[in-house]
Every structure is written in C-alpha cells, then in structure tokens.
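One chain comes next, on its own, written out as structure tokens in the form predicted alone.
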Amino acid sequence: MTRLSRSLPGMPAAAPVRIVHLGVGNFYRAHAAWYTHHAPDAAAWGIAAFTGRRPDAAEALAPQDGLYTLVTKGAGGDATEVIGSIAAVHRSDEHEAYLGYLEDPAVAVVSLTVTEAGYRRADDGTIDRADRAVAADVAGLAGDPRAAVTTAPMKLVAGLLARRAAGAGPIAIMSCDNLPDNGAAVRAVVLSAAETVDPALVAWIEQNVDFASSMVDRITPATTDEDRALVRESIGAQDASPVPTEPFSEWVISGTFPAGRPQWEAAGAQLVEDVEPHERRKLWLLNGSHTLLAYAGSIRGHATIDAAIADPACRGWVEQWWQEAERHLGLPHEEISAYTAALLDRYANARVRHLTAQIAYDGSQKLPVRTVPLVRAERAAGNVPVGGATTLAAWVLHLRGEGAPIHDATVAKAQAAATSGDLATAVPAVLDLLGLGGDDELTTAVLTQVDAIHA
C-alpha cells in the first residue's frame, strides 16, 4: 500500500518553517501541531520537529514528509484526519540543522515537550551542574559555541548563541510540559545554563527572549497496530505513526511572542494573562489522579486507565484525592465538579487505551509537582490526605518492584530508599526524600494505604 506523503492527492503542502519543536511525540502532535494545522494562517507556520532521546519519530515521519493521521477516539466511534503542520522532521543529533533554524529571523517560536525530567533542574530550579550530561554540554559549548549538545536546556542555549551571532532578533520559547509555571521554570533553567557558558548571553536573553507559559489537557495514549490498521482502512495509505487521542482538548497559553505566532486562538486555544489557575486545576485534578491510578491501578492488575477507574477502590481513592484538591484550589465547587465529572467520562472511555505503565514513567520528577504540594497543603491544614497517601504508598510499592516497570532516569536515590528494608523502614525513608519526613501521622496513613492497595 502507498505510504502517506504530500504527493498524494488532497494532501496539504508544507508550510515554511517558523516554529522549532524539541521532543516530538504523540502528545505534541495531538495538541500544538493539531492547533497549528487548524489555525487560519497555517500556510505560513510550518514546524521543524526534533526527536528526543529516541529517533523513532524521525524514522517514521520523515519518509511521510512529516504527515501523520490523528485518530480521535470517541465513545461512539473513531474519526481520522491527516495533519500537515510538521514541515520537517529531524533526529535530535542533527545539530547543525537545528542551529540553522535558530539563525533564521523567520523562526519565531521554539516549543518543548521533553517531560519534567528533561529540564535537568537542581532543587533550586536552576540547571543541575552536577548532571554529567549537562557538564559535558557546558564543556563543549565553552570551547565551541556550535558544539553538539544533548540536553534540552543546553540545546536552547546553543540555539540562542547561534541566533545572537546571526543577529536574527527576538524569539519565544514555550514549554508544553506539565511543570508548574513552566515559562518561569524554563527561564530559570536557561538563564542559569547560559551563565555557565557565556555570561554575556544572559543580558541578550533578557532583552530578546519571551518565555511563554502553556497548559495542555488532552489524553494521548501510545500508538497500537490496531490504530495503524484503522488508518490504512480510513485514508487508503500506510501511516507508520498515527496518533490516537480523545475528543476533549484544552490548550491555555500566556506570552508576548515578540516575533509572532500562529492564530492558535482561532483554532480553539485560550490566550490568557495568567495560566496558573488553569494549570494548577489540571495538574492536581487530572495529572495527580493519573499518577495515583498509574501506580495503584497497575499494582492491582489494571493495564489501562479505563480498567483502573472501573475498580471501585481506585475510583474511591481518586475521588478522595479530588476532595483534598478542592480544598486548596480556590475555585468554585461547580467548576471543579463539572471538571471532575468530565474526567470520569474521559477515564472511562475504553476507546482511548491509555496504559498505566506509560503514565508511570519518571515518577521521581512527577510526584514533587503533582502530589507533594497538595499533601503539604493538607498537612498544613491539619488534615490527613488519604488520596495523597495512596499515591505515596503506591509509588513506594512501585519502587519495590510492584506494578508497572520502573522507567525513570532520576530514580536511583528514591529506589534505594524504598528498598532499604521492610516497609516500616522504607516508607519514612522515601517520605524524607520528598521533603515529607518526620511526620508520624502521614507515615501511618501511607502504611495503611499500602495494605488497602494490596487488599
């Protein structure tokens, strides 16, 4: 069967590249690339996408001229649409190509989906200078500003060095990852990274770079062979990398974008002054409950979110977590109730096969932003958070080898703590690493939830 390509009848032409994206995967292609495709000025806004740690997306999409099929899985059936906004696809090691884009004044936006772990942040939010890969990148750029680098913060610094040298003008950097206040978080990382390489670059960044914030809410599972077969039948062409997703989509953005941007708002995105209320609602209610289900659900034998939420125990813990979150979100009860009711419908959609093992990735980076802040808020209010304790208990069990396999680049300390002895020893050790140590009442609650998960 013919491979999907722009030479096929009815396929969109490639737009000139004005956006560079780092970390292309299903999540990005289900939201920002989709919104860009639907913007009324899409013909002027092509995306050059670079892969993350694995070259798979480039190997799949480059022969298809960047085209892919979005499969929207509704409860009543599936809808397919070919998306044409990605004009070029590169492996992460195609460094000269990346620098070439950043030297082009027409390129106006660099966006990222590199996961929480990809920002290589130290505890104070600056670049982690003790990270070996970061240190290697610093040494490389200090000797040659065009040296190939591997970490996302240093890729940004390398690109900005090239843009400054070319006199290419201002640009926006926009994170689409689940980090609180992600624009400010990326700014802190990039400025501290620039300081280690070329202190003069810091002033240039402050004058020329807008660090936009964004919040994305769209559940996007991994692609299956069933999805590929559905697309073959639907579009009459072979697509090596279709993207399954749910009907719901929300993208909230805040930024000045000094070199311009697509008309995303005309495609349904929200442009706001402050992303934080939307971000915290989504981070705690959706991401926080997803993390709970990923660990507790997989330990209880559930491979997917729809199976986990159908387990009365898991659903009860999720609803407890939501009640705990509502006490600290500062939003109207009606708004939270409507959002959580919609989440239950979304989680129960068996057409969206979202694997608990996939969501369980990188817990050492996710729990400190999704779970720990709410647990702290509850303890400060004098409450014992059963929902939060369930997530903590399930993560300790995960680190001890139960449920989803461990896939986490920065988990060594937490795993060592979790396996340091019996659970009465391990739980306090892990809580201490999370900054929750010395709390006997919380420790007891977590140990109680260990038994509840196993029940």
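All of these numbers come straight from a predicted model, not from anything done at the bench. Don't overthink the numbering: it's just position in the shown sequence, from 1.
Unshown form predicted together with D-mannonic acid (CS2); subsequent notes refer to it.
The listed set 261, 302, 290, 281 contains one residue whose heavy atoms approach D-mannonic acid (CS2) in the model of the complex to within 4.5 Å, identified as 290.
Out of the listed residues 45, 34, 27, 50, 27 is the one that sits within 4.5 Å of D-mannonic acid (CS2) in the model of the complex by at least one heavy atom. Of the stretches 281-289, 124-132, 377-385, 193-201, only 281-289 has residues with a heavy atom within 4.5 Å of D-mannonic acid (CS2) in the model of the complex. For the marked spot (6, 57 and 241), a heavy atom within 4.5 Å of D-mannonic acid (CS2) in the model of the complex is absent from each of the three residues.
Mapping the unseen interface onto this chain, residue 370 counts among the residues with a heavy atom inside 4.5 Å of D-mannonic acid (CS2) in the model of the complex. D-mannonic acid (CS2) in the model of the complex is not approached by residue 160, whose heavy atoms all lie more than 4.5 angstroms from it.
Mapping the unseen interface onto this chain, residue 218 counts among the residues with a heavy atom inside 4.5 Å of D-mannonic acid (CS2) in the model of the complex.
Contact between residue 151 and D-mannonic acid (CS2) in the model of the complex is not found at the 4.5 Å heavy atom cutoff.
Residue 354 is the only one in 339-356 with at least one heavy atom within 4.5 Å of D-mannonic acid (CS2) in the model of the complex.
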